[in-house]
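First comes one chain, alone, set out as structure tokens in the form predicted alone.
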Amino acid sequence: MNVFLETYGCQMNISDSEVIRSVLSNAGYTLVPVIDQAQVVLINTCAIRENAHRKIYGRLDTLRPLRKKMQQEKGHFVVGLLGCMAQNLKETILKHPVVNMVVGPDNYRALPELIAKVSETDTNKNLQVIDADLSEYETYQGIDPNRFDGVNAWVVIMRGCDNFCTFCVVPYTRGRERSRALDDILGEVHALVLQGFQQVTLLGQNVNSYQANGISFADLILEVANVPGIERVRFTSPHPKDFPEPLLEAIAIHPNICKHIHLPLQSGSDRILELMNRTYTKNEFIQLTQKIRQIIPNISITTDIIVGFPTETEADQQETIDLIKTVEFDSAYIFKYSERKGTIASKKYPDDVPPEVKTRRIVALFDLQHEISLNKNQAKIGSTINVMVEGETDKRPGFQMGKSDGNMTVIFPSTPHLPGELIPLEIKNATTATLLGQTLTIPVLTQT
């Protein structure tokens, strides 16, 4: 049968969809690019914020006429909800009239059998299946992810999370931490080089917690960076609570490890950080960023911030503003707090910050970070940086785009260089989110 797969959410979901494509292709299913060609629709979902839930419910509603049409023509039409939202809501989401299969993030090996089981008996949506048991061991070892062509490949080094931040649903949707073996990861990276990938991003809910047979994350990233053919190594995301110095030294000394760290803050208030169970204080966070910049002076530091966590006051907001001014992040992803079913916060702390207050606070943080980012980017004008070409731009014909070592997007007039090539560019202009580059002009020496 033909399968159409949609993916919503984070990089881990993107990577999971690559695993899903591999599992289904190996079982004889055909992945199709157009939903009208499919007898099976799979939606890989996110559960981090309420907006993600609304988006998925809206998407399911659009499938009603297609499901009716396909059941009349084929006798069956399978709609499966996968991923974190499936794991979190289980029976609740199965009540939606188009859904007849719910599969959690640790159960993708069973997809071929589940689809076959549902499709064989589902003429009037009589059969519904749920496979959403969390695993202590599943890392999808032995499955070669089915990736689309590109420059970057996501490489999952560990799954799950043991931190239990009170706002976060991940430990309940992805289970406890477990790490892949070093040899398994290196085997995948070597294969990626043969497939033409020049950059890998090591992926985990908290990569600093990676531990496999005495191998630390610092050991792992050095091994990956030394694989011939890999030009750049990135990673996401670490947790501020355990940032080992050997990892900072590895980033500093190895030219292939990108000088960029995404370091989620969440709040600048000690009181809110404690309610969030983040296990560090604002001063400890500031000291960590100072240490990072001391060891790696040219580092780019980005972050995540949650606005409007329960009981957050104007004083708490001001502490976050003060911390942003102190640290001066290169950029920040700023979100309104969204209560998630099953989390500690949803059980202990009523969502008591009014929506209009959250909006006002998030605008204030956006404006502040906009100013900081613009100043930092404009300071790069006149400098020369190495950019990895990613391809043509969608919105500016005649231009290419790529990423700097610090993960900044750079736009530049089209060149003969292909995706994956590293080229030096002189920065001519800058906005909050983008640098405008130009290829270097080499002077021609003439004899006189």
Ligand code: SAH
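Since the structure is predicted, the reported quantities are computational estimates derived from the model, not experimental observations. The first residue of the sequence shown is number 1, and the count goes up from there.
Although it is not shown, the form predicted in complex with S-adenosyl-L-homocysteine is what the next lines describe.
- Look at 131 to 139, 330 to 338, 224 to 232, 359 to 367: in the predicted complex, residues with non-hydrogen atoms within 4.5 angstroms of S-adenosyl-L-homocysteine sit in 330 to 338.
- The candidate spot formed by 48, 168 and 264 is fully in contact with S-adenosyl-L-homocysteine in the predicted complex: every one of the three has a heavy atom within 4.5 Å.
- Of the residues 107, 146, 198, 205, just one reaches S-adenosyl-L-homocysteine in the predicted complex with a heavy atom at 4.5 Å or closer; this is 205.
- Out of the listed residues 111, 158, 306, 192, 306 is the one that sits within 4.5 Å of S-adenosyl-L-homocysteine in the predicted complex by at least one heavy atom.
- By the criterion of a heavy atom within 4.5 Å, residue 278 is counted among the residues contacting S-adenosyl-L-homocysteine in the predicted complex.
- Of the heavy atoms in residue 237, some are within 4.5 Å of S-adenosyl-L-homocysteine in the predicted complex.
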